[in-house]
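Consider the single chain below, provided in structure tokens and representing the form predicted alone.
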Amino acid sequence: MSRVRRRVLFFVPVGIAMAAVLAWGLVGLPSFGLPHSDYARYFAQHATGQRHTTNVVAAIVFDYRGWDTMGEELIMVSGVMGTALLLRSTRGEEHRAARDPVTSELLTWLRPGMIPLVLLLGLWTISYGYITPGGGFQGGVIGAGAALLTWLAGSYQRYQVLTPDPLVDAAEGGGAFVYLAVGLAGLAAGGTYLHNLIPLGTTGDLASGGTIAVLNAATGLAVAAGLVLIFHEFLEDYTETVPDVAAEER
């Protein structure tokens, strides 16, 4: 039996089971337009006053249910590590230099303004994520997109230079570490894990929300770095498929 056939035979029952669970969950959802739950009404009425953040979603994600978000962040870190180990195990020890030159003059012309603009948008989305719509998860994805544009409008070699693995590894681990450290600081201060122990500030100001601002920034850093590392692994595989024109000419 071929490897593809074994994978298909394994996927079919698993896929059917997953589809059944999803269908069961969708059937149980409340109809569109029904009144919000008691929890939703409570947060809508009290989150801004209690946490001094005008983005209620950020208050929920990084404070009221900060435990869940910590788990999500650690799952993401584990997923990045698993992807890297899986893809690296399929490569040989020696790699030729990546050759993926840009052939689009339009991309080359747009590069000087496009990359800084996307990066600025990502930083803004993270920085103001608890005041306006946005947040660390969304801003981290946008920031990683700016890094990916260095490959799309440049080359993988340029991408490697601007996002060195040691620095990005440290950034991803640092973001997760800060999240865990803030939780431990709450315990050390005599509160609960992830207790909001920083002054809440004035509602609507950038220096508001207490630890929400710190956790939001740490999440943005971890998400951006994690995606950049995943891009590294997939681009490493992709560039191995790009023909070596110089070698073919010889």
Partner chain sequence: MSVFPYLVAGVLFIAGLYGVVSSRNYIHLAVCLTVMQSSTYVALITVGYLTNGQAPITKGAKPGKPLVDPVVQSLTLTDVVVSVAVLALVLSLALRAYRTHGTLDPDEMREMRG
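Note that the structure is predicted; figures quoted are calculated from it, not measured. Heads up, when I say rigid core I mean the largest set of C-alphas that superpose within 1.5 Å between the two forms. Numbering follows the first chain given and starts at 1.
Below: the form predicted together with the partner chain, not depicted.
Across the proposed site, Leu123, Trp151 and Tyr193 without exception lack any heavy atom within 4.5 Å of the partner chain in the predicted bound form. The stretch that touches the partner chain in the predicted bound form, counting heavy atoms within 4.5 Å, is 42-50, out of 180-188, 207-215, 194-202, 42-50. In the predicted bound form, none of the heavy atoms of Val161 sits within 4.5 Å of a heavy atom of the partner chain. Contact between Ala147 and the partner chain in the predicted bound form is not found at the 4.5 Å heavy atom cutoff. By the criterion of a heavy atom within 4.5 Å, Leu227 is counted among the residues contacting the partner chain in the predicted bound form. Of the heavy atoms in Leu87, some are within 4.5 Å of the partner chain in the predicted bound form.
Contacts with the partner chain in the predicted bound form, taken as any heavy atom within 4.5 Å, map to no residue of 163-196. After superposition on the rigid core, displacement of the C-alpha of Phe234 between this form and the one not shown stays below 2 Å.
Here Gly28 counts as shifted, since its C-alpha moves by at least 2 Å between this form and the one not shown after the core is aligned.
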